[in-house]
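Only one chain is shown below, in structure tokens, and it's the form predicted on its own.
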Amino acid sequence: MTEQHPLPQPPKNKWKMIKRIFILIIILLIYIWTISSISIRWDKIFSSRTLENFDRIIPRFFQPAVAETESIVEKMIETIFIAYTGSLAAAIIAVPLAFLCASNMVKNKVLNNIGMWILGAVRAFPEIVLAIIFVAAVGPNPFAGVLAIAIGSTGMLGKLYSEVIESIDMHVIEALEASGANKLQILFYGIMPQILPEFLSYAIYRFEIDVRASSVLGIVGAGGIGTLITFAYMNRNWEEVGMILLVIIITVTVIDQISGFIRRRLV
């Protein structure tokens, strides 16, 4: 009786490679489908008129209107103030919502879900949409921008804060409870020391994002440097647009470097 040998099986690495190729093909097909669904006019993009517009406009960006520096810097400072005020308000508002969402602090699933629903609903609205709503409500002024940043940032910070709270060491809380500490003492000596560094780190990081977001809120009348962008664009003053972009780039880069240093020291 002859001995039967089992058929050789393909190596596992080969199956992994086939799986990766299959996933790559699926991603590529989805990309092609989405591109073909948005009706891009490739003939207009690569037309001679488009290329002429690039040759006429792009070089003017690199000839910034230095004479407008003072007014642009003034509006950039206003933009930073809008971002700071909105971020600070959001960092405060997000704290009670984060405790409401944290399952190790509030043992009621209904309240947890309500808190998560509130934060999810807030995160669904981009800052520019909130700015349009608040401009209609309070008028075209920087206060509308502050409200848009404050509400828009609360959703993100509340979610991040709740995750920080849920990751704290509960043994510290249990030890304080066993020693007879009251709720206020547990909050200040058991919870706050664990969450405060990360809370501040996330708040500073959100401030970085809000400076960028505030730069465009003026387009809809919510104050800041976006107002100058609108006027410069309407007047086809591309040199002034170039100067505005230069000021935004320098400001955002400096803020990123400073906030990155502070966050590294905190966490």
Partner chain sequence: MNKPSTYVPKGIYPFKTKMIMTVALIVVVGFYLVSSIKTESFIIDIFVKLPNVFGLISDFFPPDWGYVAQIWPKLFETIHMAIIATTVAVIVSIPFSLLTANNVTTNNVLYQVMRFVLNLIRTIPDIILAVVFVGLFGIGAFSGIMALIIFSIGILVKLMSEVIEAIDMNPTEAIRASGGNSLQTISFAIVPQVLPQFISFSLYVFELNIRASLVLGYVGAGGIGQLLNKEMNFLNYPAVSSIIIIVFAVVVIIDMISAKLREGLV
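Residue numbers count along the first chain shown, from 1. Rigid core here is just the name for the largest C-alpha set that superposes within 1.5 Å across the two forms. Small disclaimer: the values here were computed from a predicted structure and weren't measured.
Beyond what is shown, the protein has a form predicted together with the partner chain; the following relates to that form.
Of the residues given (160, 114, 88, 172), 88 alone sits with a heavy atom within 4.5 Å of the partner chain in the predicted bound form.
The partner chain is not drawn, but in the predicted bound form it has no heavy atom within 4.5 Å of residue 65. Although the partner is absent here, residue 69 lies well away from the partner chain in the predicted bound form, with no heavy atom inside 4.5 Å.
In the predicted bound form, at least one heavy atom of residue 212 sits within 4.5 Å of a heavy atom of the partner chain. Contact annotation: residue 73 falls outside 4.5 Å of the partner chain in the predicted bound form, judged by heavy atom distances. Taken together, the three residues 100, 239 and 262 all stay farther than 4.5 Å from the partner chain in the predicted bound form, as judged by their closest heavy atom. Within 4.5 angstroms of the partner chain in the predicted bound form, the stretch 69 to 97 places a non-hydrogen atom from each of 78, 81, 82, 84, 85, 88, 89, taken in sequence order. Relative to the superposed core, residue 24 undergoes a C-alpha shift of no less than 2 Å between this form and the one not shown.
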